[in-house]
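Just the one chain here, laid out as structure tokens, in the form predicted on its own.
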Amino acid sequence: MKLALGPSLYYWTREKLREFYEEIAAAPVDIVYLGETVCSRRHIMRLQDWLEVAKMLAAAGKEVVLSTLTLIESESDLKSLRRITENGEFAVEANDMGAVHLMANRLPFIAGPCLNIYNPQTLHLIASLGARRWVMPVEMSHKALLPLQQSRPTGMETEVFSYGRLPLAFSSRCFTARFHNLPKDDCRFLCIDDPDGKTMHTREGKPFLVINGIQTQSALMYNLLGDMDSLRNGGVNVMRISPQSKHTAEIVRLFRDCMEQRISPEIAMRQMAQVMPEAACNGYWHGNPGMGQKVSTCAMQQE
């Protein structure tokens, strides 16, 4: 299996982003996704800036993919989308059907996790349009994945979101602006003050959801490191790690060490608990409520 680093879902400063990807250039990850996928108002990095980072990572031996916005809301968003799909150098992850339309039967692309691919028929349709890899929707279980894997088109790779806060929903409203009693068009880019999103708690004080601009995420950290054997046995080609503001390179190394059997999942999970912003969950993978955590060392025997 390969290891991928997904696009950063948060709004970080230019300096933070450059330092982050310089560290990732030396990390044992095979694929790196770049670009803004959440909010079109986040303009600290323009396409040319992302291309410079992409060239640096490619020189370090990484496969680089440019990711597109998940929610296209304006003509300017569409113009930016066209520039990304026509970059001419790097592969593109399509996160909405507009991006698919621009690349269909013209350029190979990666089908992102928000394209709602839930059955073999849709997977074959996306493959016929030029997709060479697809990312499983985050709420699917490994049992729901099986029929898609069994009839997967020739040459199609499967990628699974395996670590990070789950991107659960997108809205035309900005929840961060609303939290600060500001309109979306005058948000003052306050999401930059929350490098891992803003956690919402229940009345009992338990972490429930994270707001990140127009995106709603899980508060708990989805973590399939302990389920690596079931991913491998299920024919998954790529495990995706979603960036966090601190310790991402360490998370990558622990996944790599488990992949290459230099460390057991039990030990890696204990070490990872020290660098995760919140507790782990893996409920969706096991067909359970998403916030659940199933001990996975013998998951295949139990299921």
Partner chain sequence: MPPEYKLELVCPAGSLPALKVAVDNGADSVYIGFRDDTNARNFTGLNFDMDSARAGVEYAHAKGAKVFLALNTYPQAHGWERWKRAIDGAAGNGMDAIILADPGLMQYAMKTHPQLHLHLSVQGSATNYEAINFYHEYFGIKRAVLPRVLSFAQVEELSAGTPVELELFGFGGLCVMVEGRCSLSSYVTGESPNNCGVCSPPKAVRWQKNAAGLESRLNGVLIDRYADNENAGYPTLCKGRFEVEGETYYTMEEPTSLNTLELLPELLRVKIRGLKIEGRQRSPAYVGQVTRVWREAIDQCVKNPKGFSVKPAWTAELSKVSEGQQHTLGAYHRPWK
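Numbering follows the first chain given and starts at 1. Bear in mind the structure is a predicted one, so any value in this text is a computation, not a measurement.
Below: the form predicted together with its partner chain, not depicted.
A.B. asks: Even though the partner isn't displayed, in the predicted complex is E75 close enough to its partner chain, meaning a heavy atom within 4.5 Å?
C.D. replies: Within the cut-off, so yes.
A.B. asks: Going by a heavy atom distance of 4.5 Å, is D227 a contact of its partner chain in the predicted complex?
C.D. replies: Outside the cut-off, so no.
A.B. asks: Considering only heavy atoms, tell me if F208 and its partner chain come within 4.5 Å of each other in the predicted complex.
C.D. replies: So F208 counts as contacting its partner chain.
A.B. asks: Answer for F179 alone: is it within 4.5 Å of its partner chain in the predicted complex, judged on heavy atom distances?
C.D. replies: Yes, F179 is a contact residue.
A.B. asks: Can you work out which of M156, L129, I192, A91 has a heavy atom no more than 4.5 Å from its partner chain in the predicted complex?
C.D. replies: It is L129.
A.B. asks: With the distance limit set at 4.5 angstroms and only heavy atoms considered, check whether T122, L220 and Y284 all reach its partner chain in the predicted complex.
C.D. replies: So, yes: the whole triplet contacts its partner chain.
A.B. asks: Go through 161-175 residue by residue and record those having a heavy atom within 4.5 Å of its partner chain in the predicted complex; state none if no residue qualifies.
C.D. replies: In sequence order, L166, L168, A169, F170, S171, S172, R173, C174, F175 come within 4.5 Å of the partner.
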